[in-house]
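Have a look below at one chain only, the form predicted alone, in structure tokens format.
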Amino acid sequence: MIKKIVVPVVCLFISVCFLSCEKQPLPIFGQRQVVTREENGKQVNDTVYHTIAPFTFTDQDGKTITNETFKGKVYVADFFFTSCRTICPIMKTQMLRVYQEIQNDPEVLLLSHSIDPEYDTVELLHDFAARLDVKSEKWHFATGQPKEYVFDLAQKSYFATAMEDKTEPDGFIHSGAFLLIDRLGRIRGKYDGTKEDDVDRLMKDIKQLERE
């Protein structure tokens, strides 16, 4: 009689533990809308999520990079400029940690957008990447567009702060955010790129997102 009671209880306990330990999917940032389409004569509702707008840049090797470069990949994006003396050096130290974590993972890329493209030329970014000793096919440094183009992309697509501000010591203001983008171009996480513990969380979320 005791055996008949113990076995179900143990199974129930294991099931509860399994369900409680199972991680919830990462959130999807931004507005969403329901679009109705017809399929096989029936009305079907689809949820359309916010995605990163189409973009075109030149990377540190002089190659054109677009959304297609990152299609089907998980990637981490940020905004910076090489002459920044405030948060950028900290951000690059932390992004380098992410690079070292994912450098042998073919499913993950990094994308750093310069908000000062007039100064941050292809040649300068090439030297910058070389000093970090990173591979260009894994970590792209983007330039080649007017700064207004970059500001618009940052604010409207990535929900990140990036703008010119003459009152700032280096003439620009931008957030230290690292943005986690999924294979469909949707934002799945936002992290403080100046804080080691937040970047630790990012690296864990990258692995979780890859499993989705």
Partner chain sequence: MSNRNGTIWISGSILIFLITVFGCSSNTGKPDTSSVKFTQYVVRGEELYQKHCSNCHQKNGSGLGLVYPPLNTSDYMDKNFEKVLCLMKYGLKEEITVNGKNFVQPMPGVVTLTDLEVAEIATYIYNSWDHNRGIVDVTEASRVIKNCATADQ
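Positions refer to the first chain, counted from 1. What you see is a predicted model, and the numbers here were worked out from it, not measured in a lab.
Below: the form predicted in complex with its partner chain, not depicted.
Asks: Even though the partner isn't displayed, in the predicted complex is H126 close enough to its partner chain, meaning a heavy atom within 4.5 Å?
Replies: Contact check for H126: no, nothing within 4.5 Å of its partner chain in the predicted complex.
Asks: With the partner left out of view, is Q103 within 4.5 angstroms of its partner chain in the predicted complex by any non-hydrogen atom?
Replies: It does not: once its partner chain is placed as it appears in the predicted complex, Q103 has no heavy atom within 4.5 Å of it.
Asks: I'd like to know if K135 sits close to its partner chain in the predicted complex, meaning any non-hydrogen atom pair within 4.5 angstroms.
Replies: Because no heavy atom of K135 falls inside 4.5 Å of its partner chain in the predicted complex, the answer is no.
Asks: Is there any non-hydrogen atom of T82 lying within 4.5 Å of its partner chain in the predicted complex?
Replies: Within the cut-off, so yes.
Asks: Output the sequence-ordered list of residues from 36-65 with at least one heavy atom within 4.5 Å of its partner chain in the predicted complex.
Replies: The stretch does not touch the partner at all.
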